[in-house]
Each structure stands twice: as structure tokens, then as C-alpha cells.
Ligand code: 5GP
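Single chain ahead, written as C-alpha cells, the form predicted on its own.
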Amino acid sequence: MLGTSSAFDFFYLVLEWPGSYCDAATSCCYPQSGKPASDFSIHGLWPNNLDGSYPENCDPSRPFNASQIGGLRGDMDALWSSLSCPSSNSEKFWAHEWEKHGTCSEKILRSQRDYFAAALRLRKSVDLLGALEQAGISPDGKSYPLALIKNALQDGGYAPGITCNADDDDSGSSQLYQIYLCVSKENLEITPCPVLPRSSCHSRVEFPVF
């Protein structure tokens, strides 16, 4: 799976909380495969640089081809499904992630199958929800101190970036939305983040029900 070095520094594995997506989105539809589990799902595996820039849309000659992810479909439906409307089989979402981000990792993850399989393996290796629940933080619609969320994830062995979105009830509160884990391009394992995305979270963060 590993190849030569590519023109980026590391990956972000971006996981999102589906309840926050659905609460803030104009519309939210469950995929044709059914309602996803109440757990963090994959948004994408994104090549990124230390200066905050990132490559994108690197190889238009290699569009997404669903036939290349045979054998991964069950895990893709379970861990990487689209909640956008109308309800779909999520292939449009996967195509976007491959064409924008995956094509930029081709020197390391040489095929579409390698790219999606790597993201799925990494997602299975982490348990963010378990780390939060161990600290008494549950997706119950309540708000929690951002510092408590960060400490819970760090105690669970993670040091991620956290981004939030705004609640749509005009309360001005923010919701736990995406968690950025960093992945080494050398060994494709979770690694301490050399740089984190800018946080959009308030001091207290809502954890919506899903």
C-alpha cells in the first residue's frame, strides 16, 4: 500500500457527529442503506500541509469508480455514509472525497480501494465516543465544557482538533461537529498533530442526540 513520498506533510482523518450535521443542515436524509449508528462517521481522509494549505483535485483523469471498492461496501455504508438530501447510496459523497482528496494521495495510497480501505481501518482503530462516554459525556442534547471534552479525548489517547457548528435555535451555542485526527503519511497510523484546524467552538459545547 505504501509508495513514495507525496507533496504533502500528513493526513487529517476527519470524523463528524451525524446529529450535529442533521441539526444544522437545511435538510438531512438517511442514506438508502438505513439510519447510521449513533457514532462518529468518516467525513474524509485529507492530505494536508504544515502551513495549513492542502492539495486538491490532483488527478482529473482518475474519477471515482464504484467497482473498485468491491468488498468495502458494507463498511462504507456503516462508517462513511452521506446524510445529504435526497436519500442516496452515498456514491456521490465518496466520489467527491476521492476526486478532491484521494487523488492527491496516489503516491502513497495507490488506488481508490487503498484510499478508502485506509480510512476505514483508521476509523475502526479509534473509539472517540467511548472515550467521551468514559468521562460522562454523552450525546444527550446537553452542553459540556469544551475543556472537559478535550481532556476526555486526551485521556483516551487522542489529541485531536475539534470544530463546532452553531445550533439553529438562536441560542448562540455551538455543537460538537467534527474531530480531526492526524495520520502519518509514512506509516498510516494516528500520530500527534503537527498543526490543528482553527477551532470554532465556544467554551461550552452541545452534544446533540442522533
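Everything quoted here is computed from the prediction, not taken from an experiment. Don't overthink the numbering: it's just position in the shown sequence, from 1.
Omitted from view is the form predicted together with guanosine-5'-monophosphate (5GP), to which the following refers.
Within 4.5 Å of guanosine-5'-monophosphate (5GP) in the predicted bound form, a heavy atom is found for none of G19, F116 and I179.
Looking at H96, you'd find a heavy atom of it within 4.5 angstroms of guanosine-5'-monophosphate (5GP) in the predicted bound form. Within 4.5 Å of some heavy atom of guanosine-5'-monophosphate (5GP) in the predicted bound form lies at least one heavy atom of H43. By the criterion of a heavy atom within 4.5 Å, A166 is counted among the residues contacting guanosine-5'-monophosphate (5GP) in the predicted bound form.
Contact check for P160: no non-hydrogen atom falls within 4.5 Å of guanosine-5'-monophosphate (5GP) in the predicted bound form. Stretch-level contact analysis of 132 to 140, 119 to 127, 106 to 114, 75 to 83 against guanosine-5'-monophosphate (5GP) in the predicted bound form, using heavy atoms and a 4.5 Å limit, identifies 75 to 83. Residues of 40 to 61 lying near guanosine-5'-monophosphate (5GP) in the predicted bound form, listed in sequence order, are H43, W46, P47, N48, Y54, the criterion being any heavy atom within 4.5 Å.
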